[in-house]
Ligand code: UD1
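Presented below, as C-alpha cells, is a lone chain in the form predicted alone.
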C-alpha cells in the first residue's frame, strides 16, 4: 500500500495552481454521451474518479482520445447499448449520472448502483428516481442494479419539486431532460458552481438550459446536441483545501486559477478565524501568521459553507483559541475522521450532527488513516501542522479527488512524500471504492 509521510511544523509559502473541478468533470464527461459527434473537454483534472468515468465510456464504445494531459476528445457516436460496465460503475458515486444520460439518449438505462465514499450515512438516489418517474420512466433496483426505462421510449418534460436540495439529483435530471420532449422544470434545485458549469457545457453543445445557479431550472428539450469545445471551471473544494492548509500550517500562498466568488463561503470563515484573504482576478492570496480564533461553522447547500470542506475546517479549528462548534447540515454524520484527530491530541466531542472543538496548542504526529476523500485531505492538513512525523494510510481515497497533491504541497515547502509499503502478507491493498 501507499502512505504519505509528513514531517509537520513547516509554514507553506509560494504558489499553487488549482486543477479543473472534480464534481463538474464527473458530470460533464458522461454528458458527452448525449452529444452527436466529437466534443473536446479542456481543464480535466488528472484524478482517479475521472479516469474511471472515461473508462466507462470507452468500454461502452466511445472513442476517447487524449489531446494533452488535461484535454480529451470524446466521441460517443459508437455507443449503441444502454448498459454500462457494472464493475466500474460500482467504484465511484458519480457513475449514477449515466442513468440520466442513458435515459436521455436511449430512453433506457441498466446501471449498477454506484459506490464512492462512505462517511457514516446512507446516500440515497430517491430524488433522482423521483425526477425520472415524473419524466415518464419506470425505475427499479434489483440485486444492486438500476433498471430504468421510459414507457414511451423517450423521456418527456415534467415539473419536479425536489424534497431536499440535492446536487446529484439536480444534475441527473438535467441530463435526462436536455433531449426529452417538452419542458422540464426543477424546483428547489441545487445552486453549486458545478451545476452552472454542467448547464454551460450542455448549452455550448446546443441544449436549452436556463436558471442554473438559482433554485429553479428550466430545460427545454432539443432534438440533438452537436460537438464543440468546453473548459471545466476550477475546483472550489481543492482551492479551499489548500487555503485551510495554509491556515493550519501558517505561511503565505497564492492560490491560482480560481474563481474567487466561488470561494466566498470559505474565505469569509477563514477571515473570521484570523486568516488574511486577498482576492484578485483569478487568484486568492492566503496568509496566516498570528493565532487562530474560534468560529462556529454550519454546512449548508451553496452558497453556504460546503459539507465537502467540513473535515478540513474542523482540523484547523483544532488549533484555534477557544471553543468552536461545527454543525453538519447536509449529512446525518460525517465525523468518522475525528478518531484520527484525537490520536494526534485534538479535543473534539461529537454528538450526532454537532462537533464541539476545544482548541489545543499543538497536534502531535501519529499513524492515522484516511476514511474518505475529504477526511483524507483533512488528515494531510493535520500532518502539516503537527509536531513530528505523521503517517497517513488510505491515500487511495485522497488520490480519487486531488491531482498531484504531494507535488503541489512540496512546491510550497511542505515535507511530504508518498511511500510504497509492501503488505506484510504480500497481498496488495484492496482497491477502495
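In this text the structure is predicted, and so the values were computed from the model without any measurement. Residue numbers count along the first chain shown, from 1.
Unshown form predicted together with the ligand; subsequent notes refer to it.
Novice: Answer with yes or no whether residue 168 is in contact with the ligand in the model of the complex, where contact means some heavy atom within 4.5 Å.
Specialist: Residue 168 belongs to the contact set for the ligand.
Novice: Indicate whether the ligand has at least one heavy atom within 4.5 Å of a heavy atom of residue 128 in the model of the complex.
Specialist: Yes, residue 128 is a contact residue.
Novice: Report whether the minimum heavy atom distance between residue 288 and the ligand in the model of the complex is within 4.5 Å.
Specialist: Contact check for residue 288: no, nothing within 4.5 Å of the ligand in the model of the complex.
Novice: With the partner left out here, check for me: in the model of the complex, does some heavy atom of residue 93 sit within 4.5 Å of the ligand?
Specialist: Yes - in the model of the complex, heavy atoms of residue 93 and the ligand come within 4.5 Å of each other.
Novice: Given the ligand in the model of the complex, answer whether the residues 64, 105 and 227 all have a heavy atom inside 4.5 Å of it.
Specialist: None of them does, since no heavy atom lies within 4.5 Å of the partner.
Novice: With the ligand left out here, work out from 76-84, 357-365, 325-333, 145-153 which stretch has heavy atoms within 4.5 Å of it in the model of the complex.
Specialist: Stretch with heavy atoms near the partner: 325-333.
Novice: Of the residues 267, 283, 200, 307, which one places a heavy atom within 4.5 Å of the ligand in the model of the complex?
Specialist: Going through each option in turn, the one that passes is 307.
Novice: Which pick from 114, 250, 157, 301 sits with a heavy atom within 4.5 Å of the ligand in the model of the complex?
Specialist: So the residue touching the ligand in the model of the complex, by this definition, is 301.
Novice: Output the sequence-ordered list of residues from 7-29 with at least one heavy atom within 4.5 Å of the ligand in the model of the complex.
Specialist: Residue within 4.5 Å: 23, and no other.
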